[in-house]
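As a starting point, one isolated chain is supplied in structure tokens, in the form predicted on its own.
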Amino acid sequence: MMRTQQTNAAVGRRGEERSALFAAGAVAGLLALGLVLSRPAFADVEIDGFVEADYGVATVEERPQGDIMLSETRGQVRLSSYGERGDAFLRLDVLHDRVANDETEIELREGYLRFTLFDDNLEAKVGRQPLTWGTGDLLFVNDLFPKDWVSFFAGRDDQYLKAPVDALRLGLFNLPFTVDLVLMPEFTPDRTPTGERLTLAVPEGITAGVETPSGTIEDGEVALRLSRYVGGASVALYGYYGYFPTPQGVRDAAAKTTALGLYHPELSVYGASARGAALSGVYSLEAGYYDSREDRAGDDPQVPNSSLRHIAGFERQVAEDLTASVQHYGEWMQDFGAYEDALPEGAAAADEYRQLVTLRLEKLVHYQTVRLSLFGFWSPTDEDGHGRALVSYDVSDEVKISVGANVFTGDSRATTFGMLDDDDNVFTRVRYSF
């Protein structure tokens, strides 16, 4: 989950624009190459998409950001071409956002070429793509790929929680295990609140902006997964080399200044997961060791300590068309004694073992055209929580209406959900698919 340190409005814009242009050009070239030079491999072309209007209002009065949380019109076009040796895919969003800048922008959500080699034993997928793995339901341990927390908390469709990333993904099959290797040449941070739409909580003493790793290949990211079935369970091992996805470190913003700014410390993660059937349901287990490479001794209060994190979950159908699931998430800070000893006098200490529990209930009614969903987060250590309610109705195969709400609670502005206590909102979405 997103932690308390946040970005400001200017963070990453230049990098995102440069990355988008690079991805668009690269994907256009790949698509042209695949479709023109390898025409037999891409015989079928499909086009679909949707047009959607989103509107959301805050239920808390006198917010500095105003009452309107969402007011936007979005169009999405998907172009896919399939063939014997692979496929090409393009997903473009055209968004007119009346809250952020009242301008129309185009975002390349996906744009990749996928092909197979060596009798389908090697698969390569190159271009812009959302990436996800792990077993958590809206909780993440070994999934370090970028998230869009602004969209998640403001009421956009859940697909927008995953932010796109430019990557080369390689899959190797027919070994004792399946290998997934993801190479990301440029670090892509999480999209976190900037104070424009949701509350921005800046740690005390921070007066400068956020420093992100440079856009060079030396500051890229690498993720690895080895997976296979053992008995009836799907098991996996994970590795990651990169940076904390949210800016959790503090240091001088520039030489010869006293201004403090946030940055993304170096991070490596080593983990494992298992998922299988039990007790007429599905269990999931996941764990990861977060190696904070800049503070392995744990005695630098301006850099997060290493930690051991885990998720344990269980899901089952409890009645006809009614599914329930629960999860327990924990973060166990390593070298806690060194961390406490290094804290400045009077500074509040974080919990050695942070916990979070979730509950999801989903019910389908009216011939499964109406979906009722409730998802709740609660942290007994942070004493904060977040509730998500959604009702969606498939009016027809083309038209879908969704109405929902986000509720936050917490006494401290230093916790994940407590900082959003003034951002309770209700929203509606109307989508026409074609």
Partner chain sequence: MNTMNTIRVALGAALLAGALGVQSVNAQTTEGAATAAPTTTAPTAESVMKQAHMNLFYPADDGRAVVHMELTDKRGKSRSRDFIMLRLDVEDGGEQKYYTWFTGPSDVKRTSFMVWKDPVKDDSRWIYIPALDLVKRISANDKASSFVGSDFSYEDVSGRHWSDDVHTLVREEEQAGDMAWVVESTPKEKDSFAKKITWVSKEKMLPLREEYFNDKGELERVFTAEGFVDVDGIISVTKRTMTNEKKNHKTVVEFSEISYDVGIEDDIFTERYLKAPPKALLEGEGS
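Positions refer to the first chain, counted from 1. Remember, it's a predicted structure, so these values are computed and weren't measured experimentally.
This next part talks about the form predicted in complex with its partner chain, which is not shown.
**Student:** I'd like to check something about R78: if you look in the predicted complex, is any of its heavy atoms closer than or equal to 4.5 Å to a heavy atom of its partner chain?
**Tutor:** Contact with its partner chain, yes.
**Student:** Is there a heavy atom of E218 lying 4.5 Å or less from a heavy atom of its partner chain in the predicted complex?
**Tutor:** Because no heavy atom of E218 falls inside 4.5 Å of its partner chain in the predicted complex, the answer is no.
**Student:** I'd like to know if D397 sits close to its partner chain in the predicted complex, meaning any non-hydrogen atom pair within 4.5 angstroms.
**Tutor:** The answer is yes: D397 has a heavy atom within 4.5 Å of its partner chain.
**Student:** Answer with yes or no whether T428 is in contact with its partner chain in the predicted complex, where contact means some heavy atom within 4.5 Å.
**Tutor:** Heavy-atom contact with its partner chain at 4.5 Å: absent for T428.
**Student:** Just one of Y290, F336, F89, Y329 has a heavy atom within 4.5 Å of its partner chain in the predicted complex. Which one?
**Tutor:** Result of the distance check: F89.
**Student:** Which residue among T409, T381, T369, T59 has a heavy atom within 4.5 angstroms of its partner chain in the predicted complex?
**Tutor:** The residue from T409, T381, T369, T59 that makes the contact is T369.
**Student:** If we take heavy atoms and a 4.5 Å cut-off, which stretch out of 337 to 345, 119 to 127, 94 to 102, 292 to 300 is in contact with its partner chain in the predicted complex?
**Tutor:** Result for this chain: 119 to 127.
**Student:** Given its partner chain in the predicted complex, answer whether the residues S214, S307 and A350 all have a heavy atom inside 4.5 Å of it.
**Tutor:** Answer is no for this spot.
**Student:** Residue by residue through 155 to 185, tell me which have a non-hydrogen atom within 4.5 angstroms of its partner chain in the predicted complex.
**Tutor:** Sequence-ordered list: D158, Q159, L161, K162, R169, F173, N174.
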